[in-house]
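Take a look at this one chain, the form predicted alone, written out in structure tokens.
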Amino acid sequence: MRKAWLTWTMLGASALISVGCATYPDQATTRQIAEKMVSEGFTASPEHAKRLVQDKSQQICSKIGGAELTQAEADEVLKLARASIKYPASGKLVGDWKAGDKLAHDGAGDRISRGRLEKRKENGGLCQNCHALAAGEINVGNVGPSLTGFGAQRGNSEAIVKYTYDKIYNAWHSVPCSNMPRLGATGHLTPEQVAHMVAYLLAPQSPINRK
């Protein structure tokens, strides 16, 4: 009798679990519900609320549970990133290294204070937040690879210039969903500013490449 009771109990539990699994929302639906809850519960300023809206690439990269991208998803991110890249009207991808030096150490731009976006004539890139830059600098980050000697090691061929420009403008053009900010694609930096930063990284006279 006890054995039969245990058998029926287990069968009943299995049935309940099956019903629960059958009615539980799938991953896509769960995500939609969660995003709706966050959006409706977010009561900060309109400027903050804008930053909850993801573009197509961000939606693909925001995988639940840190799941890996499929090949199709990675290809889509690469395609979108490459399509986003714009070049200076002058056609010159290498600007003024001194201006690039300043941009690489300037963290201003896109900050929200008291619900309003700061008024700024020009944003900065703040490369030093994640990268080692000129040799001897102390206040630098290590989230990204060191950029010290970047141009000295790679040269300044046309291919390297274009790769460097594209990498700064939208890093996802070569590494989908990487942690590097998409500085140009998001409008944070202009094409001209990106060209200045290219010069900072590649010019032989730049502090980056001095020994």
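Predicted model, so just to flag it, every value in this text is computed and none were measured. We number the residues from 1 along the sequence you see.
Just so you know, the form predicted in complex with a small molecule exists too; it's not on screen, but the next bit is about it.
A.B. asks: If you check in the predicted bound form, is residue 179 within 4.5 Å of the small molecule, heavy atoms only?
C.D. replies: Yes, residue 179 sits close enough to the small molecule in the predicted bound form that at least one of its heavy atoms falls within 4.5 Å.
A.B. asks: Give a yes or no for residue 144: in the predicted bound form, does one of its heavy atoms lie within 4.5 Å of a heavy atom belonging to the small molecule?
C.D. replies: Yes, residue 144 lies within 4.5 Å of the small molecule in the predicted bound form.
A.B. asks: Within 4.5 Å, heavy atoms only: does residue 171 come near the small molecule in the predicted bound form?
C.D. replies: Judged by the heavy-atom cut-off of 4.5 Å, residue 171 is in contact with the small molecule in the predicted bound form.
A.B. asks: Looking at the partner-bound form in the predicted bound form, is residue 74 within 4.5 Å of the small molecule by any heavy atom?
C.D. replies: Answer no; every heavy atom of residue 74 is more than 4.5 Å from the small molecule in the predicted bound form.
A.B. asks: Suppose contact means a heavy atom within 4.5 Å; in the predicted bound form, does that hold for all of 78, 87 and 161 with the small molecule?
C.D. replies: So, no: the whole triplet misses the small molecule.
A.B. asks: Just to confirm the contact call: exactly one of 30 to 38, 161 to 169, 48 to 56, 65 to 73 touches the small molecule in the predicted bound form at a 4.5 Å heavy atom cutoff, so which is it?
C.D. replies: Correct option: 161 to 169.
A.B. asks: Name the single residue among 93, 126, 140, 134 that comes within 4.5 Å of the small molecule in the predicted bound form, judging by heavy atoms.
C.D. replies: None of the other options qualify; the answer is 126.
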